[in-house]
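Consider the single chain below, provided in structure tokens and representing the form predicted alone.
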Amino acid sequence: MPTVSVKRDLLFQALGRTYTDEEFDELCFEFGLELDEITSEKEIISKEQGNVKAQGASDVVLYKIDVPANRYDLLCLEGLVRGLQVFKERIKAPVYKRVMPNGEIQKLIVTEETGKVRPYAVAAVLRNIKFTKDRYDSFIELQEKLHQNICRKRALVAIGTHDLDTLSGPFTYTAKRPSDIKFKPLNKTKEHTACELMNIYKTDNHLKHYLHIIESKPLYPVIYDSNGVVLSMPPIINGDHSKITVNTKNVFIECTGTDFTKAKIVLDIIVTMFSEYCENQFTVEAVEVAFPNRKSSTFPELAYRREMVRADLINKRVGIRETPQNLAKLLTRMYLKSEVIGDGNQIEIEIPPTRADIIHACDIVEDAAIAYGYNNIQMALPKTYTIANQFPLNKLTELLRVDVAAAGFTEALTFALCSQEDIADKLGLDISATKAVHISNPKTAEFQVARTTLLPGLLKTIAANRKMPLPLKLFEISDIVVKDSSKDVGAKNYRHLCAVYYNKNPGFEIIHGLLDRVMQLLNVPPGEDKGGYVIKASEGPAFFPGRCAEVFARGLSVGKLGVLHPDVITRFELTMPCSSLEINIEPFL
């Protein structure tokens, strides 16, 4: 859940009254939020960096409020205050309007070169807006919250805000070679090419996380005004020429991205939250966007839509007995203007542009339940009785964990993600032969793929505990993941048991003995007859030649055991012999 930090005194001033911490905590709970922490900037810095760094920091009390991830309208002070005021029936929900300018409409032209990079763009103008320091800070912070949330760290949508009075329309959104883009970026003193900027920002703690989005593209997206001034190079940085300040009166907002729907939602959220500071409150000036297919659209959409829900459906789903009129009133308090129509059981709900989270009737039912109060819903016995049962695979796993531990092995729990090197190169395999599921844009080289075997995790655990007394006997029973085109998600999990013995001698007989004990517990007799198990000589790149065996049970190959190859042991920074066993336990259910 996103956390919104607001200054307590500023919040109470906007709400028109003060609360004790306990009262505000209760108000948040009633509204479906959670007051997570009461702190200050000084206290935060003191915790993270120490008291010395905290000297001189602000003592202003901050409320940290947890907001549902899909409530984009509550990610700033303005939206939070407006939502609470409507909830407490102190104000009516405002009506947001798109207006045409008195003169010529601003125009954003999208060229076809953007098609392979970031094909979509939308825009709007906040005219005659009045910023203060707090309003400006909230405006910037909302953009950052949206970037981290619905924009998926700018991968889907990037927001650019500009001082319109420093620019001259129409604007052009195009894509060019990095060497052909040159401008002075935000808060820099001289011009740089796009190539130079990408190198500069590789050491920037904030912007380096976004470089990968366009770094490998032959063309970079860029927005110009009619004089060739660069507004921004999305999704990386804005131009310094058009940066907004507290004194900015007219703000040009552009959202570019790969998801058209989300770009429109983001634009709607920004303009609805801050249009209250415009000279004509809750009005937003339209911008015409011309697309490469010669079609033009006007943004922001600020679309209102209507949904119909039956009162008896809400009562049934929530478990209450309220009249349609009362339910309509509850929904209106949740920023969903509602009225009873038709046969007296139908409720018509108006969904404002701020509530992009309302997708289905169940979302409306949830809001009715929040407004009614979860604590006010009477507890009742369910009409249907069912008896819960443990998932068979998990039950088998728990039983095996106890008995393998009783056999003298220590359980380890390792990461489900690992590097390509761990499951391929270090085990003498080619990555293409592992059927590994790869992670898109991994944050670190340690978490590139989902593991296809439990062995590397246990060997890395032993490497981290080499100073412990020998022998080291570890086991793990967890899932591995491999590609499977027959599955709707393209991959399948298998529950594996892996055990490793590390000592001055290989200890193959100990691992073999553990296999016999596991098969005894699974009621699988030795021998090929009557559904028994056998081991047969085999080979594997991870094992010492002539010291590897394949395990067959009930006619199926379920795994391997053997002495690991010295090269494998060395690659995992180990120095002594090691034997291992890994089997799939799912065939034994």
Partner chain sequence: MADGPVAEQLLRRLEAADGGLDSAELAAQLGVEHQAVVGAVKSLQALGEVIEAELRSTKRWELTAEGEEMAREGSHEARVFQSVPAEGLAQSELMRLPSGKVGFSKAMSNKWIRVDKSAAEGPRVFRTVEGIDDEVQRRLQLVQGGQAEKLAEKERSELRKRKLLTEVTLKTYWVSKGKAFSTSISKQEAELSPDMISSGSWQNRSFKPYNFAARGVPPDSGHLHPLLKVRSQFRQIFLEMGFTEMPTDNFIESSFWNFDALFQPQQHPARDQHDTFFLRDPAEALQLPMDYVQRVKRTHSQGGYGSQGYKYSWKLDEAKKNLLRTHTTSASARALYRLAQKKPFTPAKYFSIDRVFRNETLDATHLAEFHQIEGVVADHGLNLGHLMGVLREFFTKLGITQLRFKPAYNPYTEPSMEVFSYHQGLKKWVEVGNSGLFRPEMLLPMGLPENVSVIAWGLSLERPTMIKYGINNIRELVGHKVNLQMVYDSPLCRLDVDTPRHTQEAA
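In this text, rigid core is short for the largest set of C-alphas that superpose within 1.5 Å between two forms. Given the structure is predicted, the values throughout are model-derived calculations rather than measurements. Residue numbers count along the first chain shown, from 1.
From this point on, the text means the form predicted together with its partner chain, which you will not see here.
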query: Thinking of its partner chain in the model of the complex, which stretch from 214 to 222, 363 to 371, 192 to 200, 273 to 281 has heavy atoms inside 4.5 Å of it?
result: 363 to 371
- prompt: Of E539, E41, E26, E528, which one comes within 4.5 Å of its partner chain in the model of the complex, counting heavy atoms only?
  reply: E26
query: If you check V246, M308, A416, V99 against its partner chain in the model of the complex, which one has a heavy atom within 4.5 Å?
result: A416
message: Quick check on E34: any heavy atom within 4.5 Å of its partner chain in the model of the complex?
response: yes
- request: May I ask you to check whether G103 falls inside a 4.5 Å heavy atom distance of its partner chain in the model of the complex?
  value: no
- request: Give a yes or no for K487: in the model of the complex, does one of its heavy atoms lie within 4.5 Å of a heavy atom belonging to its partner chain?
  value: yes
- prompt: Do H162 and its partner chain come within 4.5 Å of each other in the model of the complex, heavy atoms counted?
  reply: no
query: Quick one: core overlaid, is R118 moving 2 Å or more at the Cα between the shown form and the other one?
result: no
message: Is the shift of T256 between the shown form and the other one large enough to count as movement, that is, does its C-alpha move by 2 Å or more after the core is superposed?
response: no
